[in-house]
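One chain follows as structure tokens, the form predicted alone.
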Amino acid sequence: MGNALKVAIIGSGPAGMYTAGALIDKCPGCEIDILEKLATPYGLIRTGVAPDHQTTKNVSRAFDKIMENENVRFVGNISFGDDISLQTLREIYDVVVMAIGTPKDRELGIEGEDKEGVFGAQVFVYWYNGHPEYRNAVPHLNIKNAIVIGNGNVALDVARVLLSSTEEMKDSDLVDHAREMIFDSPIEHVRVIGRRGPEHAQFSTKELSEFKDLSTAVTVTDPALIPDSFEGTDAKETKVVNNNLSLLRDYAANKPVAGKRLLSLDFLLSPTHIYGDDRIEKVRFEKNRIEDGKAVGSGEFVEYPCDLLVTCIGYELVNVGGLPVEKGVVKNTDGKVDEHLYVVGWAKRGPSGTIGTNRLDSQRVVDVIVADHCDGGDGSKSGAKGLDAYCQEKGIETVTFSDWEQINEAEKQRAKDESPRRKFVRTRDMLKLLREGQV
């Protein structure tokens, strides 16, 4: 290999970190800068994973190992498209890899979706996880009836967090502003609603089983909608679905309990209209039946009171920074967008799979990168030196990995009781800590 290949990875979430790890293994000697718009690394590990799922967050330890490599740098607090353009990145680096995720909630596309009290999952989850851009996204939770639309794990997370007690969240990293609102909320009833049947829900059994342990709420569902069994084409899927159906039968046997809140798992309903003046007041649903695996409207409708609606129906990528976006993702062929430009993760394939799914996906794209650039760089790109000079010229105050370690340690020291950390939720507070050693 001749000159070191200089690579910029845009985004430090799982897809970006797995890409860096694969490049270290398959392209020895390459120099990698991981650019991140936040002052904190690892993307959805910090801002997407539920605050009470600390074990899931442990994957960050593997990412820490990647960051220890002398040829890898974390460059935080620099925003692609705002602080630095794609053109500039391509002038500085031999290879640019986009790992920017799908940062927009998909919309329901129904009347009333713009009313107060209606949130996409990403906005709501970012709010309770302390994403700095969403600190004030939810003004209050003075509500009684909430509806969560979606039949995946994110929908279950939102419902569980809304109904959890102080005790159940004691060893979580739920942020202060959300903690106060959630625990003070007079919420009485949460509905999780899917357009298809229980056998089509994308719940993991572990997530679904966690509702058994809620101390403040009883989980119920309609036994008439639960099939006796499920036989799929995949053995693993068949096992998961039947385990879930067994859990749902247990929930169907429950009865409301005086003094406890209610969690309803509802199926075969599609939202058609959101009612209210400025704020949401109720939602209308059409009852569905399944034909050839698809939900088809029956012409029969039902309405539920609703003060808070959270839609968990997926995410998409919008046009950003001149990238060719098509059908909610960056247009690519096996991860290759253009000469010297690549894409990984959700921005490449859409919002599907688990954290671990990104590992194999990133490795495959790295194989393409290595095949294209097996001889290294051409020596004309400035890489890290060029980026540092650009940031200095533009007055961009970047954050290094050692800076993040300082922030990380401070968050752990700020923690109360059994919580693993007390997050900073404002970038300015993090930067002040780095400048002055205090906030």
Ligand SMILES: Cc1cc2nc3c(=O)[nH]c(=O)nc-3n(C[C@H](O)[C@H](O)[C@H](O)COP(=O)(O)OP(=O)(O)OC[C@H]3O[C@@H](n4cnc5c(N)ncnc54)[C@H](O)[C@@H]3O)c2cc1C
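What you see is a predicted model; the values in this text were computed from it and never measured. Throughout, we count residues from 1 along the sequence that is shown.
Omitted here: the form predicted together with the named molecule. The next part is about that form.
Although the partner is absent here, Phe203 sits far enough away that none of its heavy atoms falls within 4.5 Å of the named molecule in the predicted complex. Looking at Thr354, you'd find a heavy atom of it within 4.5 angstroms of the named molecule in the predicted complex. Not displayed here, the named molecule is kept clear of Ile32 by more than 4.5 Å at the level of heavy atoms in the predicted complex. A residue is said to contact a partner when one of its heavy atoms sits within 4.5 Å of a partner heavy atom; Gly101 meets this definition for the named molecule in the predicted complex. A heavy atom within 4.5 Å of the named molecule in the predicted complex is found for one listed residue only; from Cys27, Ile407, Val49, Val399, this is Val49.
Checked against the named molecule in the predicted complex, the candidates Val154, Val95, Val190, Leu269 yield a single residue with a heavy atom inside 4.5 Å, and that residue is Val154. Annotated contacts: Ile10, Thr56 and Gln122 all touch the named molecule in the predicted complex [non-hydrogen atom within 4.5 angstroms]. With the partner omitted here, the stretch from 224-232, 247-255, 166-174, 122-130 that lies within 4.5 Å of the named molecule by heavy atoms in the predicted complex is 122-130.
Residues Ile78, Ser79, Phe80 are the members of 59-80 with a non-hydrogen atom no more than 4.5 angstroms from the named molecule in the predicted complex.
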